[in-house]
Every structure is written in C-alpha cells, then in structure tokens.
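In structure tokens, the next block holds one chain alone, the form predicted on its own.
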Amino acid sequence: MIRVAAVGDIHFGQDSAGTLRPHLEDIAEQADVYLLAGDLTRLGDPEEAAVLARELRDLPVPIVAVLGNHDYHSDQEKAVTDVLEGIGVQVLEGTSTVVDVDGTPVGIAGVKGFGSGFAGACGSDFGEPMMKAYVRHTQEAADRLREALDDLARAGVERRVALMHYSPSEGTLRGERLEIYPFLGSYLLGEAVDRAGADLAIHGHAHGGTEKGFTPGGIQVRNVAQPVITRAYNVYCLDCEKESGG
C-alpha cells in the first residue's frame, strides 16, 4: 500500500507560524510521502518560505513540491526554492524524484504548469506574439512533465505520480466560473499525463473547484487546493480505494 498525502495553496505568510505543524505530527502514521502542489507562499517572498520551512523541518516523511503562481509573484522563485530545499524539500520543475516506500520505488514528476483552457474552449498557438507565447509556455511545461514521467518509466519505476499546480482536467474545476477555466489549467497537461502514464495526477490552484476528476485518458486527478480539501492534507492510496484526510 502506497499512501500519498497532498495539499496545495497553503499561502503561507509571516503570520502563519504554528498553523500547519500541529496537523502534521502523525503524518508518518498516515502517509509515506507529502506532496505540496504550489502556492506555498502568498507573495513569493523568501521570508514567507522560511516560515513554512520551519513548519516542515524534520518531518518524518519525504516532502516533494512544485511552486505555484503566487510563489513567482516577487520574481524570487529561486530564493523560495533554495529556502525549501535547505530543509530537505525536493522542489521539482520539469524534473522527477524517486521515493522508496518499503522497497517499492515511487516516482514523482513535477511541473508548475500554466493555463490555456480545455478542448473546445482553449487558446491556440496562433496570432499575436503574446498569445503564441502564452500557449507555448504551457506546451513547454507539458512537454517537460511528459519527459519527466517518461524518464521514470525508462528507469523502470512503475508507480508514478504527476504533481503540478495548474489543473490537467476540467473535471476538477467544476464549481469555478467557466470564464476563468483557461487561467486555471490546460488540456495540454492532461495530454502529457495520458501519453506518459501515471497512477495519479495532483494539482492545486482551483480554490472553488472539485476534488476528484480524470484526465481524458482516465487517469485519476485530485485537486488538493486547501480551500477545497479544507485540511492540512488528504491521503490517496495508489493500491486501494480508501482515501482519508489529516
């Protein structure tokens, strides 16, 4: 049994100290790895990241993260990453890592992702340079995610999780206004997951969305934005149907 705890959009600020750690004290009894799906800070300030790092320090399970749009706001995403990596968090961006769970390797491929929308209502790589750049940015992120998942498969890692901030599925956006779907995710991310293959895709960003959905190819997608799951993490089991929260 492989248990994946995940949350996104915790939006830590300098006044957030003590709000997360009390809910993580028994995480080793509940999960084998803790995934953070972006928007870890409010404004992308390294000092905000330092508050979060103190909450996560010496956690008894591996922590893997991607950044979100908030973490880029102050143009200090490298410094935010350095703070988190300084206490052992693995921050992914078009890269992957492998966690050992009782002798079973579990691969996690991560990317922030970006928007563009979903089939029938999406942007295209056509027209003005700004529009082409917008869609190409998402395509490049999707390509990096697919390549990271492919690298895991080539390495013989059979259990794989795709971690991102933006959504790969419109199903987990239900509850959000249709007008903002293009800013919440992209079908290109879902295509990348389907082409490479994964057991589970996890994202955040859609505060008003729905927890459960699927890629077009039928891979389970979970929206773990904290306003959606309303707790410090939900646990998803790669080998069983039971899911829980913490």
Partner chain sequence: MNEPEDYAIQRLRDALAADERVAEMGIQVRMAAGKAFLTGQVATPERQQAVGAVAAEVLPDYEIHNETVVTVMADQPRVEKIK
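Quick caveat: nothing in here was measured; it's all calculated off a predicted structure. Positions refer to the first chain, counted from 1.
The protein also exists as the form predicted together with its partner chain; that form is not presented, and the subsequent description refers to it.
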Checklist entry - Does the 4.5 Å heavy atom contact test between residue 210 and its partner chain in the model of the complex come out positive? => result no
Checklist entry - Wondering, does residue 26 line up within 4.5 Å of its partner chain in the model of the complex on heavy atoms? => result yes
Checklist entry - Is there a heavy atom of residue 200 no more than 4.5 Å from a heavy atom of its partner chain in the model of the complex? => result yes
Checklist entry - Counting only non-hydrogen atoms and a 4.5 angstroms cut-off, does residue 50 reach its partner chain in the model of the complex? => result no
Item to check | Check all three, 12, 19 and 232, heavy atom within 4.5 Å of its partner chain in the model of the complex | outcome: yes
Next on the checklist: If you apply a 4.5 angstroms heavy atom cut-off, which residues in 37 to 76 are near its partner chain in the model of the complex?
Outcome noted: 42, 43, 69, 70
